[in-house]
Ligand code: GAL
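Here you get one chain, nothing else, as structure tokens; it is the form predicted on its own.
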């Protein structure tokens, strides 16, 4: 293990060398909600402190909106200085085309192989032995967020698992609440389904279906139970009538909805709203059934450029993103877990501490962005948003379409 003092010294030396020519660096991302904007500002402030300038290129919407814009810029010969993608396979074609920079030199100078935890995050950035991205956080989908106010109004206890939540749905409806808030963006429906898969069928089922493309398992009774639970979730979500994920989170924050299946980035919205974990809301990892987290998250990639000053600034940003103080400031506001375990997180709230405990115990599974290609995930997104919006589609019919997607997946 490289000593913290050594890491800090190498980072300081790199930042000092890179600041000789102050450079504007356009950084594109899709972090635009209240909590996300507060978090990304920590990255911008840290980079600006090196003498360079973060030029914010936020794209409203989601990754599905932002990624095509980012790719179009790069292949069109107008690359930005850096951009956010998720860990995994989203940048494969850009790497194969030679359009992204090899960051191995920065990674070796900063000792990333010794500090990035779990190592699979850096593995997801590595192609043919070369490191092409800087992982900045661990985001897990495996959370159910519950409004204490909504359940108090309904006269029922805050659930401790998915079955109790389903059982409380009629009381929530009688109290004028939406039991489960699900926004209209396709990735929200697919993400909720994947959480149900892990909670009800187990993590091994998800890995075998998405990782091994096991179509027989996808067609089996374990997944039939998951699709039945998805039918329950669809019924519970009727009346949500919002599009963006953070609008659905706001329904939970304001007590208009009982709960939401959403990644731990929702914590940033609760924080901005001044709510306290354990008092105003609860969080159930793995739906309170299988308490684990997936190791999804965000990473920054750096397009190949011809300007040496921009290239030097890219190196500085890559080092800054993983610096200890930057990791603390960013992840406390983002709601995500840091990618390094040698930093002080005593300020973490109860939900973040749960995630850290699960991570420390090694109860993790790979993210769907790592297991599936972008094309497969888009097909799943289309299936599940249609399923959640069209009650005439039976769970059995949806499972048949699911099996077909898995059988033909790359």
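Worth saying up front: this structure is predicted, and the values here are computed from it rather than measured. Numbering follows the first chain given and starts at 1.
Not pictured, yet referred to below: the form predicted together with the ligand.
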Within 4.5 Å of the ligand in the model of the complex, all of 210, 368 and 374 (non-hydrogen atom) | no
With the cut-off set at 4.5 Å between non-hydrogen atoms, does residue 334 touch the ligand in the model of the complex?
-> yes
Taking 4.5 angstroms as the cut-off for heavy atoms, does residue 315 touch the ligand in the model of the complex?
-> no
Using 4.5 Å between non-hydrogen atoms, is residue 30 touching the ligand in the model of the complex?
-> yes
Would residue 298 sit within 4.5 Å of the ligand in the model of the complex, counting heavy atoms only?
-> yes
In the model of the complex, the one of 245, 132, 143, 193 near the ligand [non-hydrogen atom within 4.5 angstroms] = 245
Which one, 320, 271, 282, 84, lies within 4.5 Å of the ligand in the model of the complex by heavy atoms?
-> 84
Name the stretch, out of 343-351, 356-364, 30-38, 43-51, where some heavy atom lies within 4.5 Å of the ligand in the model of the complex.
-> 30-38
If we check the ligand in the model of the complex, which of the residues in 135-149 reach within 4.5 angstroms of it by a non-hydrogen atom?
-> 139
